[in-house]
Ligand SMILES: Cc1ncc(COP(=O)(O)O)c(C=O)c1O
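The chain below stands alone and is given in structure tokens; this is the form predicted on its own.
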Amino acid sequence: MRESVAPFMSFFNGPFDELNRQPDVANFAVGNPQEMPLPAYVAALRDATEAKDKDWFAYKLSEASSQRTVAATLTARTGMEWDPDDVAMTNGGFAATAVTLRTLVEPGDEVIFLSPPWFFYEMLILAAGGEPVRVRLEPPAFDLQLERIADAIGPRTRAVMLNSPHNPSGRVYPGADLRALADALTDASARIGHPIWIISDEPYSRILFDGRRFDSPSQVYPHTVITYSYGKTLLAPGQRIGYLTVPPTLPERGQIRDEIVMQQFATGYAFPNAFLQHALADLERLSIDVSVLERRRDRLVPALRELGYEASMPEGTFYTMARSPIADDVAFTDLLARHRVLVLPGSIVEVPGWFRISLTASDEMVEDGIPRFAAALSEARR
């Protein structure tokens, strides 16, 4: 398990920490805010900290008001009638994923995940007693590899982890791909004698560009668990609130509710803080300005391509991927850091030879960063 996160720890314990605190550095490394938070977000939190009754800050599980808020949103988005009792509120998407894996996976079960992945999928699968099975997506398109997923399924396969919109590539997988995946898993489940779940990690589902629509596999495949974090839509990852839920089409959904709650306790009390749940009805209506992210994408990606970089055009999320001009992406990100630009080495997300750029960098960072990207590329070529 330690090996799976070693590149992550090496990067964030290295020069990144010191450089991140320097005001002239253009920080494209992670999806952190580089500007002040939404005023309405701050106001909602401030209001929620004012106690309305004696139990305001008492022990909280999944508050009924939070569950109703989430269920109403999912009903409006999917057209299916979501049951609030099927919503488990968690302290972020990280906890939602951990609780889901602990709920579904028995020791020795295999869990397929797509690479490049979010940093901690493999670690969380191992922590739940499962065996990770990696299916690689090929850059620069990062298409969903349906044949590879089907080939990876065996008698011990318990789940497939899907992340769309996809971090780090920005791909948004269309409904046709999801239906094909659902058909493949339905056939495989019948063949091996137990359902194969989809764990659909959807924290970027509202961050879409070019008028795209988001499709969830829960709309076509009953054995789906959605995991979600509000930290992306609100660009407030330090305020930990999210959820996991199953669709109303799942036949045995009532049977796993108690198991989910018990695994929330076992994961270390994976429930959100009280005041975040009190604020959720207000937070649900808020979002960062996605058009600003899209505008930054449309400024930065063409500029990088004109300089000579190969860069992907993301369909959603905060991120774009660019190919390193030298084979050693870690060495090139070090070179960029000397030019006062921070990016994430592709090796950390299992795409060696590439690097990830976050569009949460401010407009000023984008404009300052473009000539620095040019200078680093020129130096690398020399």
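Keep in mind the model is a prediction, meaning the values are calculated, not measured. All residue numbers are counted from 1 along the displayed sequence.
Omitted here: the form predicted together with the named molecule. The next part is about that form.
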Q.
Checking a candidate spot here: are Ser115, Tyr173 and Gly316 all in contact with the named molecule in the predicted complex (at least one heavy atom each within 4.5 Å)?
A. no
Partner-free chain; cross-checking the named molecule in the predicted complex, the single residue of Pro195, Gly93, Pro247, Gly130 with a heavy atom within 4.5 Å is Gly93
Answer key: of Pro84, Pro140, Gly231, Pro222, within 4.5 Å of the named molecule in the predicted complex (heavy atoms) is Gly231
Flag Arg156 as yes or no: does it have a non-hydrogen atom within 4.5 angstroms of any non-hydrogen atom of the named molecule in the predicted complex? no
Against the named molecule in the predicted complex, would Pro272 count as a contact residue? Criterion: heavy atoms within 4.5 Å. no
Item checked: Proximity of Pro217 to the named molecule in the predicted complex, heavy atoms at 4.5 Å -> no
* Indicate whether Asn167 is a 4.5 Å heavy atom neighbour of the named molecule in the predicted complex. => yes
Partner contact check in the predicted complex: of 198 to 206, 303 to 311, 290 to 298, 258 to 266, the stretch with a heavy atom within 4.5 Å of the named molecule is 198 to 206
